[in-house]
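Only one chain is given next, in structure tokens, and it is the form predicted on its own.
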Amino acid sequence: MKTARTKPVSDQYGDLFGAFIGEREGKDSVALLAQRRAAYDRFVVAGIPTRRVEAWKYTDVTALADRHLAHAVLAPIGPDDIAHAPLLHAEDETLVYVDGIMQPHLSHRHDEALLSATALSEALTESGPDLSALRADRETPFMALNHALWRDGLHLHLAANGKMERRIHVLFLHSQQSSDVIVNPRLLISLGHHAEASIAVTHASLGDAPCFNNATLDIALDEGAQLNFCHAQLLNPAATHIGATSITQQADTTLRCMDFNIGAALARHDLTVAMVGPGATTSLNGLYAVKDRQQVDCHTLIEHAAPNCSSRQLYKGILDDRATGVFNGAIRVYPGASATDGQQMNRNLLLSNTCKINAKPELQISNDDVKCTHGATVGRLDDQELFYLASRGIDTATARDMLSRGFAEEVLFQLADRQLHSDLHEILNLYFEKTV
């Protein structure tokens, strides 16, 4: 008997949405309420994908169909409670969310005149930003659920020719909760003509309670804009993270991206970059480190839809114990996208005999004038390198640690932001301390 491609969602989600939409009555416009209802209907119709769906072949999320979830009840959070939150620095332009709700008293705004922050309920109008990057054929059921249930979305906009000297940090925190909660962060970022910024988006936990963190992020780069971007998933080991990031690049834009995944029991991140203007360049670097029974699933898609664009992609994974990793990276070259230059590489390091990686690099080319390469490697620590270090008096645990850190460093070295480099090193240290 064949298994269905999708699993229907339980009535729990209907109750969840009904309570939420009742709460939003009087707060949201009639048009926005209609958008939410339409999004929820799409979620119900789509259902939860099973492993018979190619994009979810290696990751089983069907347990989410019957999960008993509640909306978070925000507890009082003060500066001391987030003092040790990751990537948090007073000198940054920082916006803090707790359980999907903006916390002005925890945020630090330095350049409000240069960087505008508008409630998404106001931005999603006819005069708002172009969201065409989120085409209907690209929407997943979880994105539809996010579009139905987001509570306090935000639109960040940097005006044309604006240059942010400070790093922008959007910190999404999940607080300690007694019940299993759902949080739906939603963020829209747009950079005007020739604007320049460094932006970090972090998902982290303040406690050990489980949560379903279902996030969507849309980024639009106007002509000539330059963005250094970091997405960091640092939730606790009881959390589930499903994230979707869509980035649109116009002509002559530059994107440098770091995708960092460590923490959640199950983490899936779909990262799509659409290069729709000529002369755009993209550099995607990713690092995932998992252990115990964690699973991480990185899906990337780079769309070359205009001529003379180039992309570079390097993802590395470190796995231990019974952890599972998935890398599915695709480069798609459209007709008319002549002089495309795309390179993709995925490398994985297995530290145990029981961990597993599924690597699936792809090229989808509909043009003759291209230069594209892709590949994947899976291996263990080199016995000769371990022997060499042992011959120099270095014990096995320390040698494993040194070689594993060196493997990760190739990705972190790509970061121009030395503070961010140091922050991610510190987080990675916690992984190695508990692994080696």
Partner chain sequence: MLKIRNLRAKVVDGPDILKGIDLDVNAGEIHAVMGPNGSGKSTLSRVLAGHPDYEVTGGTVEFEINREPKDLLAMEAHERACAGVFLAFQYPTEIPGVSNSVFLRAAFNAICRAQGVPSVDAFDFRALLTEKLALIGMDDSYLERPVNLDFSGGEKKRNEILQMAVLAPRLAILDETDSGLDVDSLRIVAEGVKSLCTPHNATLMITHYQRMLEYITPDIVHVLMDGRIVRTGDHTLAKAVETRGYDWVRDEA
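Residue numbers count along the first chain shown, from 1. Computed from a prediction, not measured in an experiment: that's the story for all the values here.
Not on display, but discussed next: the form predicted in complex with the partner chain.
For the candidate set Ala46, Ala390, Leu381, Ala65, a heavy atom within 4.5 Å of the partner chain in the predicted bound form is found for exactly one residue, namely Ala390. Residue in contact with the partner chain in the predicted bound form (any heavy atom within 4.5 Å), chosen from Asp60, Glu385, Asp28, Asp41: Glu385. At least one heavy atom of Ile394 is located within 4.5 Å of the partner chain in the predicted bound form.
For Gly375, no non-hydrogen atom is located within 4.5 Å of the partner chain in the predicted bound form, even though that partner is not displayed. Heavy atoms of Met402 reach within 4.5 Å of the partner chain in the predicted bound form, making it an interface residue. Residues placing heavy atoms within 4.5 Å of the partner chain in the predicted bound form fall in a single listed stretch, namely 406-414, out of 49-57, 406-414, 29-37, 364-372. No residues of 46-71 lie near the partner chain in the predicted bound form, the criterion being any heavy atom within 4.5 Å.
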